[in-house]
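For this one, two forms of the same chain are given in structure tokens, first as structure 1 and then as structure 2.
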Structure 1
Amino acid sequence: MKRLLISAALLIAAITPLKADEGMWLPALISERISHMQSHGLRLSAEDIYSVNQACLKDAVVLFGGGCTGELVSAEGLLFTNHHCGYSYIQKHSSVEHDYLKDGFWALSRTEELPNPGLTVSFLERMEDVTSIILKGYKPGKMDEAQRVKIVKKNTEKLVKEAEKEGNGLKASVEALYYGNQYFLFVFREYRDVRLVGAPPSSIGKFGGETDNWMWPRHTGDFSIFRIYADSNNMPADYSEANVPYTPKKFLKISRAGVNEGDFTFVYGCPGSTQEYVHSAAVDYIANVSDPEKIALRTTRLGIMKKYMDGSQKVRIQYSSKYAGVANAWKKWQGEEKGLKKMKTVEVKKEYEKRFSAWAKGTEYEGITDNLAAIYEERNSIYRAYEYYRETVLTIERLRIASGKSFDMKDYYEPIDREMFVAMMTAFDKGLEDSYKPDYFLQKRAQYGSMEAWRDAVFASNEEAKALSDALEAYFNGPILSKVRSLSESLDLVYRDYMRAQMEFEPNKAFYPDANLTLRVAYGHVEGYSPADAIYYRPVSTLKGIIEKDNPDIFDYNIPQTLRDIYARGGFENQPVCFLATNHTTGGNSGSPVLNAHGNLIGINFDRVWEGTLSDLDFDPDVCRNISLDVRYILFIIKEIGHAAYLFDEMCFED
């Protein structure tokens, strides 16, 4: 048991990480990092950041919608997050008659705030190391992995049930960290009545569209505003007109002092997924197989959607959220692929594995990297087939509709789907060997002779569409997925030892757990970067840059006339818009508060620079930068574009 448990002292062993500003740290263990943070400029204590005994910054941060972060900015439940995090909800309220995507939305009173069925926000109540509880009853060396899994499952269910027994919206989960070397309990309180308060027009909230996405300099006003409602006891409740604005334990003060290069910053949010400690074979697959193939498939899908969206306002509204969802990862993967190859991450990992193997010779860890390589060799081909299925067949909406899966017909346009069927089924057929296709597919392919003929049959007959969907789903979610999971479990088992071994191999390195959508703290400084020879990007963009990009003939760069008029009056040339910092972030950090040394809100995280998107696998301190929206631009848009300055009355400013 002693060998399997990793103490907090080992997990946060070193004073500094090997690479400056790298790391996503658990708030409950932030006392182990606080002196380093303070040496870099922080003016808060560990208790200010995380405490279970008093209100602290964690109480002002929420998991928004299950995949983003948000922050409380008033005593009346007012919440900031990204425009792209609220985008699907704004889209659902939009129509040709009330195009809130195009024109923006501003509730000028509480009664005008719009409910959003299904949208939740969750506050972290507490987190704690429960490794000894979860592994209670497990006897290393005397029990096999199946017995361990059974014990972990039983102890987890008991612990979660106990944590949730109060009710009142409590949701608990036990998360495995460091590949199961450590377990943490996370207890959240989930609120279900969240209403839209304000959103800028997309020409501000998505300014630059996919052209500027992941790029710097950035000029996107990526924010939206919501309000949390609760029952009369400040507890979670379903939507009701009787509900009242939520009163938070803590909300963030807003700083209008601005940022300067070198300023200390930290991000408090819910990063989604990273793979910092994986084997070179995993990186090789991502960089040379997975990313390039998914990029190509999504390029085709985006081209089909854009063609129809450009020709119809109604279709643009219907598919805007879908398009953005497809394009976001598509653009990210391009930067990731480029960055991994530029940094030679595969080669660096292999060199590390050589040194590790020499150290491990004669120990219990001997041969572990070869074992991982062998599992990946078997896994990669079948995992590729599963990814191909997800990126092709599962994107055809006709099949989803026929199968009776949840689908909003309001946002469906059949001509897009018909063209998508031919393109994606053709790609599926050409991209995979026949051995990875079910017999039903092969029979129907021969029967119809062309994808166009097959498409016509599928769109004419719900029975035909359902039969195709069911056959492919049964095959890929059956034997294919079963094999993928089996091999993934084998990897996880070896990684548990490999993770522990890496910590023993590098005892002076500070190891942080991979991101898993739980609350983390990342910290760094406002800083520009040099992506290529003779180029240096300064860390702050301004309204002047928006005007320079403004183009009425291009949808993504056609700013509101009001903004042009404001600029023409003079005095706003240097209005800050976005800024860069060295904080380590990833997906899920969208909407995260960016705080200054005193814990006051200076911005909202919304992106990374394209050259630094490799940070999910390899953090390069020279180019890994997070992009944040300056809070002063948010205030500017609220006042000058939304004419909703009344919202300032409930905010607290710290200049």
Structure 2
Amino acid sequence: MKRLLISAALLIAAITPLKADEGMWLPALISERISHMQSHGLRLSAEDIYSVNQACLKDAVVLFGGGCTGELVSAEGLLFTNHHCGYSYIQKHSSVEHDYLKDGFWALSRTEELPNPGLTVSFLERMEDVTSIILKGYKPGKMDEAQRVKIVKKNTEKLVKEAEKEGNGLKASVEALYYGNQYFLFVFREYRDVRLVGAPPSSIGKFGGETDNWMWPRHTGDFSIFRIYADSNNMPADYSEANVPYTPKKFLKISRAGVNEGDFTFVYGCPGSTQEYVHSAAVDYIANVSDPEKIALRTTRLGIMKKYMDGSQKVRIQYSSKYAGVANAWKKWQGEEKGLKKMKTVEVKKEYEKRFSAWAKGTEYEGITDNLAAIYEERNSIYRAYEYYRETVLTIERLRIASGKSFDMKDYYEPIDREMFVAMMTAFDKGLEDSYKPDYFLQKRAQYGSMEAWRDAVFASNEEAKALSDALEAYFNGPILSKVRSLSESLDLVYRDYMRAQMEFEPNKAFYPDANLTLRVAYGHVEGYSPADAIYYRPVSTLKGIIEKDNPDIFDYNIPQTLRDIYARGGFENQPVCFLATNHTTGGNSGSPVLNAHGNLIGINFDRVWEGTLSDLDFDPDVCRNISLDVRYILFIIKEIGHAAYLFDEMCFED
């Protein structure tokens, strides 16, 4: 008996991941993690988190738009997500007369809620392991990859069709996990009448802007509020005045009890993409080639944009969204490169591969890491060219306009683009060998003699611009992309074996599948971190910090006067704003509910700290932190700034 107990204890210890709090787990398999979660503070059962038989937390979480998460907070379809997730919809409703981006928006009644054509939210109905169904008819060893692909495709189509039979907005997909060692069916119900209910002014929802992005201490009120509408049967419907608020199977109760360092938290959402199990050669390329080069190219682009944006309010508005897009990844890569180097991820992986190879000797996996290294050797140079195209010549707006791509001329400022043309064409030309360039480029380069002369021709003649654009696009979509694709396929094929082999190599380690925008649960606890020697960051920020940053002369830090007035009245110094926790999240987790031990809403995830962005490749428990907006700040803003406290009537508070 005693021995049994000991081995059970060992088993529990063994199936926890190597590093505390790492992992994005499949809700349907959460029973495999539940005792670990409970030992860290969770008070719920696996069925509370995921069940197909009863209403559970998954029914309160949605995939919002194409790449964010949202959560239901009332019995009448009210939904929270991030301000940056709702941004483009808020922008579409904005005009000079009604600038909801600048001033915020609050629907005073249901009739004032604004429809958003094209915006959908999807609820997960169920997910299940369908590996045996998908691989039915496939005979390993007897069939080649092309035959496997065919079989997978055929079985997938059949399964999807069957799963969507009911109609009513059902959308099914089969996703490969662990590089195709496992297949899961996901069945969603997609609602398409989603209306804007409220948004704070950008000076709150985007407070800190690019300056504070990916950083702590953070004070961004990054939330917006929507409502899902349904037909009279509570089913998805196109927008109609006759639609009624959706009644969710489950909505989240809001906790106003607050967070303390050490508290258990978990995040339920849709992380987009991670690469935790890749070969050292992949990390080497990212840390030593891709990240540094892309950062340098974007530094140039941002510098050019900024110069003109600083000189004109109009240009600043025209380019602020583009600037944010370029700056977001630029900043993330800097943290990632630094983190990977600090963690010596390449060296650690190399050492792991050595041990793995010794183990694999004489098995079917012998030579697999060498095989991967050889493919990377070939892939990295073409992939570098692929990235160079995307980061240089393909960003030139003049070329996109000439090629007839949809482009908003309202947000175009030619002097920026002229300067960009010379800088990006020069970087492209210097950065890549001629063998990666179309003949047209080489001919014209000789003909014009300088990028300035070429620029003058391209900006003077639409034909000249189109010819260049066509040549570059054709070369990119042709030779470059086809080579990248075929090498990626070769890689994926080897990874399928390597992934399985890694699991056999470490049978006691719990492997979570890489993120792929499917619903996941991450868990951890509220915790600060040390970004550098002698500095410790506490995990909670407050309104006091906003007032400290407040500066009417700095765009990113200019808060609304009402907020200054409220603060001056006193009593709000300790109003919490954001908090840090150790949950493993990534892009796509934006808007995800952050829940306490009882499954009540304590915050909304919206970012990670800069030092921890290596978590997409390597989770460093010392510095990997997700940043959440404290739900109490949302309530504060709704009431004090939005004067929309009537929204509280439909929410449910449980402390």
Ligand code: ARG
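In this text, the rigid core denotes the largest set of C-alpha atoms whose superposition between the two forms falls within 1.5 Å. Numbering for residues begins at 1 and runs along the sequence of structure 1. Computed from a predicted model, the values in this text were never measured in an experiment.
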item	value
Chain form predicted together with this ligand: structure number out of two	2
C-alpha of Met235 off by 2 Å or more between structure 1 and structure 2 on rigid core	no
Displaced residue check between structure 1 and structure 2: His84, CA, 2 Å or over, core reference	no
Cα displacement of Lys544 between structure 1 and structure 2 reaching 2 Å, rigid core superposed	no
C-alpha positional change at Thr300 between structure 1 and structure 2 - rigid core reference, Å	3.2
